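In the block that follows, a single chain appears as structure tokens, in the form predicted alone.
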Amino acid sequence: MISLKSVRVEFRRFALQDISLELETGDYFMLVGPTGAGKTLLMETIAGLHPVKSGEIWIEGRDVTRLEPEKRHIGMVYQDCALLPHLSVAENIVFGLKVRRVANGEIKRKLAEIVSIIKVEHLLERKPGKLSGGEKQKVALARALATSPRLLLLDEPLSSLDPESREMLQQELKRLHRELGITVIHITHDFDEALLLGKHIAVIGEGGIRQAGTPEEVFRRPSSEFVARFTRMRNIFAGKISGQTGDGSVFRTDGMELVTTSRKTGATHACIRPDDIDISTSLASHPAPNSFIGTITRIDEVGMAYHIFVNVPPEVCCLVTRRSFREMGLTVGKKVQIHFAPDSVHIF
């Protein structure tokens, strides 16, 4: 188990405070947050590169708070790989073993084992300057794993790769985690990556952990406006619970009355993910609960889909596929009906 207990770290004029996290052995933990939130600072603190002002860091039942980095049994991969340009791939992979003065026979055995797992046998004689971005990351990963770490730290390892290489490495990381069962903490800005790889996730910002849980909990049920906005919830409305129904509550905001399964009371916020909202060009004369008629005010193309903004009021953002967009003939100024289920309305 990896445990951070009320950790405080100061770096220049920035501080992380009261950082508490629990990771089970074998977890794949994603750490996300805006630029400058302290993600890399926290990761490097776990690795022992920054002193802890207060609090404790435990790895597999051992207090490593004041322990030197090389004694923590941690592997780390940065975004820029940090390979030594004058060494071959094979020499880069075993560099950490040589620093630890491991016997030559064991180094050869470990090299053969790691290159077989990471599948970089064909690259061993090359220098880093002759590798693609994806190949460099695989070598950096092999080097980190060669020392048999108890914990693997990945600092945005895929962010500089092209989409094809990124997808390939995502699948490779998934395979390696499944086969090796190693505990991983992975920093990313890519929400799809977090959902694909992460068993658990934490959002960091404003100097602390804002929310931690499963990807479903964090992305579908944010605990604050900060987390909701960071995870691109988009539809966030201030209001209050104005009554109860048989299965939940009624949330009232300017222009809309929403039925939700939540039992919270008083002044709150409601949020709905764009992909939980259905849109139709057929206008019902007697709309069901959480059905509203409005006018399209804006259309944004987002990859293989579209964000459709519908003014009820207020303005609501919906997500539709390219096929649905074409079939419905959606245009700015067109009247449409939107609908979403009560359990899609999250209250915080």
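Residues carry their position along the shown sequence, with the first being 1. This one's a predicted model, so the numbers in the text were calculated from it and none came from an experiment.
The discussion below concerns the form predicted in complex with a further copy of the same chain, not included here.
Contact annotation for the candidate site: D18, A238 and T261 all lie away from a further copy of the same chain in the model of the complex (no heavy atom within 4.5 Å). Of the candidate stretches 206-214, 245-253, 106-114, 160-168, only 160-168 has residues with heavy atoms within 4.5 Å of a further copy of the same chain in the model of the complex. Just one of L124, V102, L176, L196 comes within 4.5 Å of a further copy of the same chain in the model of the complex, counting any heavy atom, and that one is L196. For the options L131, I277, L152, V227, the residue carrying a heavy atom within 4.5 angstroms of a further copy of the same chain in the model of the complex is I277. Under a 4.5 angstroms non-hydrogen atom cutoff, a further copy of the same chain in the model of the complex has R298 among its neighbouring residues. Although the partner is absent here, I293 sits far enough away that none of its heavy atoms falls within 4.5 Å of a further copy of the same chain in the model of the complex.
In the model of the complex, no heavy atom of L283 sits within 4.5 Å of a further copy of the same chain.
Contact between T321 and a further copy of the same chain in the model of the complex is found at the 4.5 Å heavy atom cutoff. Contacts with a further copy of the same chain in the model of the complex, taken as any heavy atom within 4.5 Å, map to no residue of 110-139.
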